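Before any questions on binding or motion, here is one chain by itself as C-alpha coordinates, the form predicted alone.
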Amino acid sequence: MDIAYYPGCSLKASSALYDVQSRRVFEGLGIYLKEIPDWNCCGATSAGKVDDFLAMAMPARNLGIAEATGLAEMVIPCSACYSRTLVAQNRLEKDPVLKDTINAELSRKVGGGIKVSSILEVLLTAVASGDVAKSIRVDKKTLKGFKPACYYGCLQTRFPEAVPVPDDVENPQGMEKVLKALGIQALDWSYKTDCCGASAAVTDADASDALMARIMKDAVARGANCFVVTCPMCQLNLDAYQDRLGPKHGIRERLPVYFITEILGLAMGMGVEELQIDRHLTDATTLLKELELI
(Lines give C-alpha, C1' and ligand atoms only; values in the text may rest on other atoms or scores of the structure.)
Protein backbone atom coordinates (compact mmCIF):
# COMPACT_ATOMS: atom_id res chain seq x y z
CA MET A 1 0.00 0.00 0.00
CA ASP A 2 1.27 3.46 -0.91
CA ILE A 3 0.66 6.43 1.38
CA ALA A 4 1.71 10.07 1.03
CA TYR A 5 4.40 11.11 3.50
CA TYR A 6 5.24 14.52 4.92
CA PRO A 7 8.43 14.26 7.02
CA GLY A 8 8.69 17.92 8.02
CA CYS A 9 11.84 19.78 8.99
CA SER A 10 12.76 17.89 12.17
CA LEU A 11 12.92 14.54 10.41
CA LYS A 12 15.41 16.00 7.95
CA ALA A 13 17.62 17.51 10.66
CA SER A 14 17.77 16.81 14.42
CA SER A 15 15.54 13.73 14.16
CA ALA A 16 16.80 12.30 10.87
CA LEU A 17 16.95 8.85 12.47
CA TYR A 18 13.16 8.97 12.88
CA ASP A 19 12.80 9.43 9.12
CA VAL A 20 15.05 6.41 8.47
CA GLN A 21 13.17 4.26 10.98
CA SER A 22 9.73 5.26 9.73
CA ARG A 23 10.52 4.31 6.16
CA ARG A 24 12.01 0.93 7.12
CA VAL A 25 9.36 -0.03 9.65
CA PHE A 26 6.48 0.90 7.40
CA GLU A 27 8.03 -1.00 4.51
CA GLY A 28 8.25 -4.01 6.84
CA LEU A 29 4.50 -3.66 7.32
CA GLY A 30 3.86 -3.47 3.58
CA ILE A 31 3.27 0.29 3.64
CA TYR A 32 5.36 2.38 1.26
CA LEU A 33 5.87 6.01 2.19
CA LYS A 34 5.81 8.34 -0.82
CA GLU A 35 7.41 11.61 0.25
CA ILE A 36 5.49 14.50 -1.29
CA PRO A 37 7.67 16.58 -3.63
CA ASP A 38 8.83 20.13 -2.96
CA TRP A 39 7.20 20.32 0.47
CA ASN A 40 7.74 23.33 2.72
CA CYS A 41 7.87 23.94 6.48
CA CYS A 42 4.42 23.68 8.06
CA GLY A 43 5.06 26.82 10.11
CA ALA A 44 5.35 24.85 13.35
CA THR A 45 4.86 27.15 16.36
CA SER A 46 6.42 30.20 14.73
CA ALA A 47 3.96 31.09 11.96
CA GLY A 48 0.95 31.13 14.26
CA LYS A 49 2.64 33.65 16.53
CA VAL A 50 3.58 35.95 13.67
CA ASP A 51 0.86 35.72 11.02
CA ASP A 52 -2.45 33.82 11.20
CA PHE A 53 -2.76 33.76 7.41
CA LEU A 54 0.67 32.18 6.92
CA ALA A 55 -0.13 29.67 9.65
CA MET A 56 -2.88 28.38 7.36
CA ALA A 57 -1.21 28.98 3.99
CA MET A 58 2.01 27.09 4.72
CA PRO A 59 0.41 23.73 5.56
CA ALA A 60 -2.24 24.36 2.89
CA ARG A 61 0.44 24.32 0.20
CA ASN A 62 1.58 20.90 1.42
CA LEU A 63 -2.00 19.66 1.42
CA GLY A 64 -2.38 20.71 -2.19
CA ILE A 65 0.82 18.90 -3.14
CA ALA A 66 -0.31 15.78 -1.29
CA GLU A 67 -3.72 15.78 -2.95
CA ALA A 68 -2.05 16.11 -6.35
CA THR A 69 -0.37 12.72 -5.81
CA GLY A 70 -3.75 11.04 -6.04
CA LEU A 71 -3.15 9.16 -2.79
CA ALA A 72 -5.98 8.96 -0.29
CA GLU A 73 -3.98 9.44 2.92
CA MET A 74 -0.93 11.32 4.17
CA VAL A 75 0.98 10.30 7.30
CA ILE A 76 2.84 12.89 9.36
CA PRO A 77 5.12 11.51 12.14
CA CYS A 78 5.97 14.89 13.73
CA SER A 79 3.34 15.98 16.27
CA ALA A 80 3.76 19.68 15.51
CA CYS A 81 3.47 19.16 11.75
CA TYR A 82 0.47 16.88 12.24
CA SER A 83 -1.29 19.43 14.44
CA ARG A 84 -0.63 22.37 12.12
CA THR A 85 -1.71 20.45 9.01
CA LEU A 86 -4.85 18.97 10.55
CA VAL A 87 -5.90 22.33 11.98
CA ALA A 88 -5.30 24.06 8.63
CA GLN A 89 -7.32 21.46 6.74
CA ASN A 90 -10.16 21.78 9.24
CA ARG A 91 -10.09 25.60 9.15
CA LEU A 92 -10.14 25.74 5.35
CA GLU A 93 -13.16 23.45 5.18
CA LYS A 94 -15.02 25.77 7.55
CA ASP A 95 -13.90 29.01 5.86
CA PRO A 96 -14.42 28.85 2.07
CA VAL A 97 -13.35 32.47 1.64
CA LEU A 98 -9.97 31.78 3.25
CA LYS A 99 -9.68 28.58 1.22
CA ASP A 100 -10.35 30.42 -2.05
CA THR A 101 -7.88 33.17 -1.13
CA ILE A 102 -5.10 30.68 -0.45
CA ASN A 103 -5.94 28.51 -3.46
CA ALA A 104 -5.72 31.54 -5.73
CA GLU A 105 -1.95 31.59 -5.13
CA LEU A 106 -1.34 27.84 -5.28
CA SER A 107 -0.52 25.84 -8.39
CA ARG A 108 -1.85 22.71 -6.68
CA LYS A 109 -5.13 23.54 -5.02
CA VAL A 110 -6.49 22.32 -1.71
CA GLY A 111 -9.68 20.36 -2.26
CA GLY A 112 -10.00 18.63 1.07
CA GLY A 113 -9.92 15.13 -0.32
CA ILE A 114 -6.98 13.60 1.56
CA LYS A 115 -6.97 12.09 5.04
CA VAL A 116 -4.30 13.55 7.34
CA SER A 117 -3.07 10.86 9.74
CA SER A 118 -0.65 10.75 12.63
CA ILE A 119 1.88 7.94 12.69
CA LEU A 120 -0.19 6.22 15.38
CA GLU A 121 -3.34 6.20 13.25
CA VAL A 122 -1.55 4.31 10.49
CA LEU A 123 0.15 1.94 12.92
CA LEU A 124 -3.13 1.18 14.69
CA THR A 125 -4.66 0.22 11.35
CA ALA A 126 -1.75 -2.20 10.88
CA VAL A 127 -2.38 -3.57 14.38
CA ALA A 128 -6.08 -4.10 13.62
CA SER A 129 -5.29 -5.89 10.34
CA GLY A 130 -2.84 -8.24 12.04
CA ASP A 131 0.11 -6.95 10.01
CA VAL A 132 2.02 -5.87 13.12
CA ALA A 133 1.62 -9.28 14.76
CA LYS A 134 2.77 -10.99 11.56
CA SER A 135 5.90 -8.84 11.37
CA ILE A 136 7.33 -9.83 14.78
CA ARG A 137 10.60 -11.74 14.45
CA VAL A 138 11.82 -11.86 18.06
CA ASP A 139 10.58 -13.74 21.09
CA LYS A 140 7.79 -11.81 22.80
CA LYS A 141 9.20 -12.93 26.15
CA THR A 142 12.22 -10.75 25.41
CA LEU A 143 10.06 -7.76 24.55
CA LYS A 144 8.21 -8.08 27.85
CA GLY A 145 11.35 -6.75 29.53
CA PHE A 146 10.43 -3.27 28.31
CA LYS A 147 8.58 -1.27 30.96
CA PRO A 148 7.86 1.89 29.02
CA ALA A 149 6.18 5.12 29.99
CA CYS A 150 4.38 6.22 26.82
CA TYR A 151 4.93 9.96 26.55
CA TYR A 152 2.70 11.83 24.09
CA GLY A 153 3.54 15.40 25.01
CA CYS A 154 1.18 18.28 24.34
CA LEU A 155 1.17 18.78 20.56
CA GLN A 156 -0.30 15.33 19.87
CA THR A 157 -3.13 15.94 22.31
CA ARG A 158 -3.82 19.69 22.49
CA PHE A 159 -5.15 21.54 19.47
CA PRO A 160 -6.07 25.24 19.14
CA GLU A 161 -9.54 24.25 17.94
CA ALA A 162 -11.75 21.19 17.76
CA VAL A 163 -10.43 18.75 15.17
CA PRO A 164 -11.38 15.13 14.43
CA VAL A 165 -8.81 13.02 16.28
CA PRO A 166 -9.25 9.29 16.95
CA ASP A 167 -7.72 9.10 20.43
CA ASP A 168 -8.69 10.37 23.87
CA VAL A 169 -6.77 13.62 24.25
CA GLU A 170 -6.91 13.40 28.06
CA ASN A 171 -5.68 9.82 28.28
CA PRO A 172 -4.42 8.72 24.85
CA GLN A 173 -3.90 5.00 24.32
CA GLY A 174 -2.52 4.69 20.79
CA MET A 175 1.06 3.81 21.74
CA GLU A 176 -0.13 1.46 24.46
CA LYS A 177 -2.21 -0.46 21.89
CA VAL A 178 0.69 -0.74 19.45
CA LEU A 179 3.03 -1.96 22.21
CA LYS A 180 0.42 -4.44 23.44
CA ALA A 181 0.42 -6.01 19.98
CA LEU A 182 4.14 -6.65 20.54
CA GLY A 183 3.54 -8.20 23.96
CA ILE A 184 4.73 -5.09 25.84
CA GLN A 185 2.70 -3.76 28.75
CA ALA A 186 3.09 0.00 29.08
CA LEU A 187 2.87 1.60 32.51
CA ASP A 188 -0.09 3.63 33.64
CA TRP A 189 1.19 7.03 34.70
CA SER A 190 0.13 10.63 35.23
CA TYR A 191 2.36 12.75 33.00
CA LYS A 192 1.87 11.30 29.52
CA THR A 193 0.44 14.54 28.10
CA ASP A 194 2.46 17.07 30.08
CA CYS A 195 4.63 19.56 28.18
CA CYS A 196 8.39 18.96 28.09
CA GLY A 197 9.09 22.65 27.51
CA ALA A 198 9.55 22.30 23.75
CA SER A 199 11.81 25.09 22.41
CA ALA A 200 12.05 26.64 25.89
CA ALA A 201 14.81 24.06 26.46
CA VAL A 202 16.98 26.57 24.58
CA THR A 203 15.43 29.91 25.59
CA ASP A 204 14.48 29.18 29.21
CA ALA A 205 16.42 26.13 30.38
CA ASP A 206 15.35 26.36 34.03
CA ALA A 207 11.65 26.32 33.20
CA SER A 208 12.03 23.52 30.67
CA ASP A 209 14.21 21.47 33.02
CA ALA A 210 11.59 21.79 35.77
CA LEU A 211 8.90 20.47 33.44
CA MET A 212 11.05 17.57 32.28
CA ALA A 213 12.05 16.78 35.86
CA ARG A 214 8.40 16.25 36.80
CA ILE A 215 8.01 13.88 33.87
CA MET A 216 11.21 12.01 34.69
CA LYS A 217 10.48 11.67 38.41
CA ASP A 218 7.01 10.25 37.88
CA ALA A 219 8.19 7.78 35.24
CA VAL A 220 10.98 6.58 37.54
CA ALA A 221 8.59 6.33 40.48
CA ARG A 222 6.30 4.11 38.39
CA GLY A 223 9.17 1.75 37.62
CA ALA A 224 9.71 2.71 33.98
CA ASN A 225 12.94 1.60 32.32
CA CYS A 226 12.40 3.74 29.21
CA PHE A 227 10.19 6.27 27.50
CA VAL A 228 8.40 5.63 24.20
CA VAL A 229 7.44 8.68 22.13
CA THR A 230 6.22 9.79 18.71
CA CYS A 231 7.06 13.51 18.87
CA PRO A 232 10.57 14.45 17.67
CA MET A 233 10.70 17.55 19.91
CA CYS A 234 9.76 15.54 22.99
CA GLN A 235 12.29 12.86 22.09
CA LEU A 236 15.06 15.39 21.55
CA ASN A 237 14.43 17.22 24.83
CA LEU A 238 14.18 14.15 27.04
CA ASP A 239 17.08 12.49 25.25
CA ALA A 240 19.44 15.48 25.22
CA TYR A 241 18.95 17.13 28.61
CA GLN A 242 18.81 14.38 31.22
CA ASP A 243 22.40 14.99 32.27
CA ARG A 244 21.64 18.71 32.65
CA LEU A 245 18.40 18.51 34.58
CA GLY A 246 19.25 15.43 36.66
CA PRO A 247 21.72 17.05 39.09
CA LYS A 248 19.51 20.15 39.48
CA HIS A 249 16.46 18.10 40.45
CA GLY A 250 17.99 15.15 42.28
CA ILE A 251 17.38 12.57 39.56
CA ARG A 252 20.08 9.90 39.41
CA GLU A 253 18.37 7.62 36.90
CA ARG A 254 18.80 7.97 33.14
CA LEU A 255 16.10 6.51 30.89
CA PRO A 256 16.47 5.84 27.14
CA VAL A 257 13.91 7.66 25.02
CA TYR A 258 12.79 5.46 22.12
CA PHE A 259 10.65 6.38 19.17
CA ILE A 260 7.75 3.95 18.71
CA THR A 261 9.40 3.03 15.40
CA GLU A 262 12.51 1.82 17.22
CA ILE A 263 10.54 -0.61 19.36
CA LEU A 264 8.67 -1.84 16.31
CA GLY A 265 11.88 -2.17 14.31
CA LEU A 266 13.54 -4.19 17.07
CA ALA A 267 10.49 -6.47 17.24
CA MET A 268 10.81 -6.98 13.48
CA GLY A 269 14.40 -8.10 13.93
CA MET A 270 16.10 -4.93 12.72
CA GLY A 271 19.46 -4.03 14.23
CA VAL A 272 20.65 -1.08 16.30
CA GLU A 273 22.73 0.41 13.49
CA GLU A 274 19.99 -0.09 10.91
CA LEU A 275 17.57 1.80 13.14
CA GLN A 276 20.31 4.26 14.24
CA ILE A 277 19.53 3.70 17.93
CA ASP A 278 23.24 4.15 18.61
CA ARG A 279 22.83 7.85 17.75
CA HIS A 280 20.87 8.67 20.91
CA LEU A 281 22.35 11.22 23.31
CA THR A 282 21.20 9.33 26.41
CA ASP A 283 22.46 5.75 26.11
CA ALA A 284 19.77 3.61 24.50
CA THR A 285 21.73 0.40 23.93
CA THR A 286 22.51 -0.77 27.48
CA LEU A 287 18.87 -1.68 28.15
CA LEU A 288 18.72 -3.57 24.87
CA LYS A 289 21.79 -5.58 25.91
CA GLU A 290 20.21 -6.34 29.27
CA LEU A 291 17.10 -7.62 27.50
CA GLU A 292 19.30 -9.64 25.12
CA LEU A 293 17.87 -7.89 22.10
CA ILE A 294 21.38 -7.15 20.86
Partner chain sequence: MTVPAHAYDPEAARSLIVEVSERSGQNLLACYQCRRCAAGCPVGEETGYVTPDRLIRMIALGDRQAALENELVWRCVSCYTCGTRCPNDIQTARITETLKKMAKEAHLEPLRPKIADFHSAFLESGVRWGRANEMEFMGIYEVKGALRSMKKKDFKSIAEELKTQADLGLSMFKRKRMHMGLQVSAGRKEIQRLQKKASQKKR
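In this text the structure is predicted, and so the values were computed from the model without any measurement. Positions refer to the first chain, counted from 1.
Not pictured, yet referred to below: the form predicted in complex with its partner chain.
- Looking at 66 to 74, 36 to 44, 22 to 30, 263 to 271, the stretch with residues near its partner chain in the model of the complex, meaning non-hydrogen atoms within 4.5 angstroms, turns out to be 36 to 44.
- For the options 96, 111, 160, 223, the residue carrying a heavy atom within 4.5 angstroms of its partner chain in the model of the complex is 160.
- Shown without its partner, this chain lists 90, 101, 135, 142 as candidates; in the model of the complex, only 101 has a non-hydrogen atom within 4.5 angstroms of its partner chain.
- Although the partner is absent here, residue 227 is not a contact residue: none of its heavy atoms lies within 4.5 angstroms of its partner chain in the model of the complex.
- Residue 192 falls outside the set of residues with a heavy atom inside 4.5 Å of its partner chain in the model of the complex.
- By the criterion of a heavy atom within 4.5 Å, residue 52 is counted among the residues contacting its partner chain in the model of the complex.
- Using a 4.5 Å cutoff between non-hydrogen atoms, residue 48 counts as a contact of its partner chain in the model of the complex.
- In the model of the complex, 84 is the single residue of 73 to 90 with at least one heavy atom within 4.5 Å of its partner chain.
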